[in-house]
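Here's a solo chain for you in structure tokens, the form predicted alone.
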């Protein structure tokens, strides 16, 4: 049977609260450091244009059934025509995102700065937590949990007799690392919120390849089965009026 522990208030004052405050301060500081390291270069007009074309094509797919068949076919040909369609990318003009990154030193430098602004602070913070706060039971979840959460909530504590709802100091660090986006959105704004999970997923990426997005959107627009919905609305309205009159 799992044992119930009595947590010392000193752990709350000297482990739980300082660790949470430090994680918030490091996140805010890292945002301003990454903002200072960000290179001030104007966005590429071609990439912006291609992004707007993709948005317009998606809106056409979403509202296809509310456009007459003739108008929809004309709009689809305007986007996906094999000769001069906006979504058509010739094979010779398709860019490799990895080659584009290596050909543009500013893009590679920006990616390196973003990765360093995430790796260095988190490495130092984890070393600090592991050295000073390792082995503490810092908090308790106020609801029961299954055994599957033990490895996530009790990292650094090798006691199977302790209830799963207790959280170790090292696990509390990881919970703050991946769960403070909502707080950062309140402090820094929604667009400026620091999202470590997104950054970790983008660390192995090599940039944005617009040719793939244009091709995928073209394929999606070509397979749309158009079915004009407005005549059905007229029939429904007529049926409703007949019921009201009768």
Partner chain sequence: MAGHDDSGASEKKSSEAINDLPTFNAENMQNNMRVIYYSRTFMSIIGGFIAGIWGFTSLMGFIFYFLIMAITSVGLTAKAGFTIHSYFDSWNRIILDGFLGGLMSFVLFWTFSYDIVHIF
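In this text, rigid core is short for the largest set of C-alphas that superpose within 1.5 Å between two forms. Because the structure is a prediction, the values reported are computed rather than measured. Numbering follows the first chain given and starts at 1.
Although it is not shown, the form predicted in complex with the partner chain is what the next lines describe.
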property: Partner-contacting position among 129, 139, 157, 86 - heavy atom within 4.5 Å of the partner chain in the predicted complex; result: 139
property: Among 29-37, 45-53, 176-184, 216-224, the region lying within 4.5 Å of the partner chain in the predicted complex by heavy atom distance; result: 176-184
property: 4.5 Å heavy atom contact, residue 239 to the partner chain in the predicted complex; result: yes
property: Residue 133: touches the partner chain in the predicted complex, heavy atom cutoff 4.5 angstroms; result: no
property: Contact of residue 17 with the partner chain in the predicted complex (heavy atom, 4.5 Å); result: yes
property: 4.5 angstroms heavy atom contact with the partner chain in the predicted complex for residue 79; result: no
property: Joint contact, 22, 72 and 75 to the partner chain in the predicted complex, by non-hydrogen atom at 4.5 Å; result: no
property: Any residue of 45-81 that, in the predicted complex, places a heavy atom within 4.5 Å of the partner chain; result: 66
property: Yes/no, residue 180 Cα shift of 2 Å or more between the shown form and the other one with rigid core fixed; result: no
